[in-house]
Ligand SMILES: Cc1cc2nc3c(=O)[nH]c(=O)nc-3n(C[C@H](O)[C@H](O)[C@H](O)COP(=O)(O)OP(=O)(O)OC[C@H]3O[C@@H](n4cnc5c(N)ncnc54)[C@H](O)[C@@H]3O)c2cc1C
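First, one chain by itself in structure tokens, the form predicted on its own.
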């Protein structure tokens, strides 16, 4: 008979939940995890990982078309969409199997089923075979989120897709409309556009990638348009008329409504927290706009109940969820972890070109009252970028003019999703401009641009 009493029960086995479970087990707790679908959650199975596999394919496809630039010959370049998707699913499957191994290694009991919370410190799990009543000193909600669907724009899996349909497409779109230009929308736009879809992106805000620094957004938009994307800003899809094999979109822009026909629409207009059906309201958990309200340590206000990751609100990032998972497990063990600081968490978008940032944008820093020093350095000034054939991009840094504190860093270009961690570590260590200027960056690397951007903020740039 399965054990029913635990020190910690985690509901949801995504990048927040499974990490919380592992850290709890490392700290000597008896741990169980409940998952209704796939170990690894949305991120590993239907989000971060499989999308990166698709985007890697489109990146290689793009480079193959540029073979002549590198002195190479490649003819009759084409792709096999089912094979592309198969590779993506295999990558996700391999990693999901890895999570199962980690659960076993750490002696974590796994229940595959649907959880509810009938009372404090109690979890009811309905599996395919039975219903189990479990108890725990502490419970962590890590149930994640799903795609938001707007009235009239609901997905049907045929003409109108969510990210799930876009990850496992039954056909290649010819004329594609992407609604929303956040990370999810622009990544799918980049993937399908690179493979040849005639792609239009509609964004209700005044610029694409609206959470990014304005200069970075503008630079990225120019690159997207160079690649043939059509970008409509300050625009809204009001209605979709569906017919056999086509969708007519009614798009409001500049106060007027125009119609355009597409064969495929991807809706990427945000996410909704998975808070329903758990029994949270009855326990006294506060919910605001589908997200559980917590303090900075992810405590819900109900004894022994925590909420982490997407269900606990922005930023909706896997690495934020994982860090919160570690934090709450250490709190339960009587340790004193630092609270997660949202402004010190990097955001990465894996479109072409890549976009990455951490900290405050220039506009936000000024809004908060900082007197700022801003540095910039273009990829065209970097030897490694030119050698890679990736001379389009820029690095921007924002400093407090009074203290030299690194307030924010913003990048667009090749491999910036890897480079950004240098600035993340810098912020964590409370690095100043002097520390960064006195650091020796290896040559030739893309990272030298980070150094030059800092130097530029203080009038000391060398290669520009």
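Numbering follows the first chain given and starts at 1. Just so we're clear, the structure is a prediction, and the values are computed from it rather than from any experiment.
Just so you know, the form predicted together with the named molecule exists too; it's not on screen, but the next bit is about it.
- Proximity of residue 325 to the named molecule in the model of the complex: non-hydrogen atoms within 4.5 Å are absent; the residue sits far from the partner.
- Using a 4.5 angstroms threshold between heavy atoms, residue 186 stays clear of the named molecule in the model of the complex.
- In the model of the complex, the named molecule sits within 4.5 Å of a heavy atom belonging to residue 278.
- In the model of the complex, no heavy atom of residue 414 sits within 4.5 Å of the named molecule.
- Stretch-level contact check against the named molecule in the model of the complex with heavy atoms at 4.5 Å: of 366-374, 113-121, 148-156, 325-333, the positive one is 113-121.
- No residue in the set 63, 191 and 393 has a non-hydrogen atom no more than 4.5 Å from the named molecule in the model of the complex.
- For the options 439, 26, 431, 38, the residue carrying a heavy atom within 4.5 angstroms of the named molecule in the model of the complex is 38.
- Checking 317, 134, 160, 240 for any heavy atom within 4.5 Å of the named molecule in the model of the complex turns up a single hit: 317.
- Along 47-73, these residues reach a heavy atom to within 4.5 Å of the named molecule in the model of the complex: 47, 48, 51, 52.
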